[in-house]
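Next up: a single chain in structure tokens, the form predicted on its own.
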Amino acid sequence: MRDPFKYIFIWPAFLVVLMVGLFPLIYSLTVSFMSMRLVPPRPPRFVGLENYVDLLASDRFWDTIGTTLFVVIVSVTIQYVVGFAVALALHAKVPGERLFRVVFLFPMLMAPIAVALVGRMLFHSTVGPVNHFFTFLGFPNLPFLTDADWAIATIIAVEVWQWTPFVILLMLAGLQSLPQDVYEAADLENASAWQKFWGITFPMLLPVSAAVVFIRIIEAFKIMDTVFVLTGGGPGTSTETLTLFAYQEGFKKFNLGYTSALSFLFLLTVILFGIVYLVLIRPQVEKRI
């Protein structure tokens, strides 16, 4: 028979967590239908869907969506490819693989602000060592942080450097969990390393790969620290992401109603992108489970 007294201890904690999680969400949704400013102070005024309509009609909003999607897709793709390749090398017991396992984790253990500061120092247009290296080779100083295209590439490079270790760690764990008898059977058939990868390793790790990529996509959508420190969204607004856009509106202009609407549209963008990804990858994953 179940002990009813355990619910006396569970329910209060559950209700507290529920309120802490739901109240800000409901309040933010309510504010998104209002015109509310802190500076200059104005009394809240219900405006319905006006904030959402203004956002959807804003070129800046769609530009930030395009920038965010580009950074997410390109950076996560590179992270997965490079991370998987490094995990395969470490799993194959390359010389010094124990040292590399520790070294590769360092960027992931650093705060994003610290990583961005290191990136800003490395890619500085005049005193950065990267430009010094290109100057030594005879190239002119490259505008890593002042040109729109180079700035986007720099942001992606810093993101890849910091979060590829996350992919390495999980993919290496997946590789170490694969059954060895399948590879022994492949050796008996004289299968090449390429055939074993495409016929055994990659298909069997597809569920792990899908989970790793999905986690990184969701986390990459929240990028703000790196962009804020490296470029501040510039030049102009060419590198501005959705989270940085929300920060500018909420904490610099104090336009709370507009910012709340932006946050929910951001949430909708992430949900739709996640659903599309899961719909596309689910049939392939279900074949391997």
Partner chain sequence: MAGVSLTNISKAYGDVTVIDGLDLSIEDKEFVVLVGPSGCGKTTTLRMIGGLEVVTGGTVMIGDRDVTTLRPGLRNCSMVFQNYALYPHMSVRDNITYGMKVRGVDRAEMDRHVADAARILGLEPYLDRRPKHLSGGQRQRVAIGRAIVRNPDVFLFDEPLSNLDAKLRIEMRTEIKNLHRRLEATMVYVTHDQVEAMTMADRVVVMNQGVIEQAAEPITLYETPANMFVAAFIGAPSMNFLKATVAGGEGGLAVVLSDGTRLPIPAGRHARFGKLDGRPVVFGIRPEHMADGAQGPAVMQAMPTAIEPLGPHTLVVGHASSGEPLTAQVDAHTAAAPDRAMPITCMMEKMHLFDPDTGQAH
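Residue numbers count along the first chain shown, from 1. What you are looking at is a predicted structure, and each value in this text was computed from that prediction instead of being measured.
Below, we turn to the form predicted in complex with the partner chain, even though it does not appear here.
Engineer: Mind telling me which stretch in 150-158, 77-85, 200-208, 213-221 gets its heavy atoms within 4.5 Å of the partner chain in the model of the complex?
Structural biologist: That would be 200-208.
Engineer: Note which of L109, V182, A114, A89 lies within 4.5 Å of the partner chain in the model of the complex, where distance is taken over heavy atoms; exactly one does.
Structural biologist: Of the listed residues, the single hit is V182.
Engineer: Can you work out which of L142, A186, V71, L175 has a heavy atom no more than 4.5 Å from the partner chain in the model of the complex?
Structural biologist: Checking each option against the partner chain in the model of the complex, the one that comes within 4.5 Å is A186.
Engineer: Check Q195 for me: does it contact the partner chain in the model of the complex (non-hydrogen atoms, 4.5 angstroms)?
Structural biologist: Within the cut-off, so yes.
Engineer: Going by a heavy atom distance of 4.5 Å, is K287 a contact of the partner chain in the model of the complex?
Structural biologist: Yes, K287 lies within 4.5 Å of the partner chain in the model of the complex.
Engineer: Taking the partner chain as it sits in the model of the complex, is A191 in contact with it (heavy atom to heavy atom, 4.5 Å or less)?
Structural biologist: Residue-level check for A191: yes, a contact with the partner chain.
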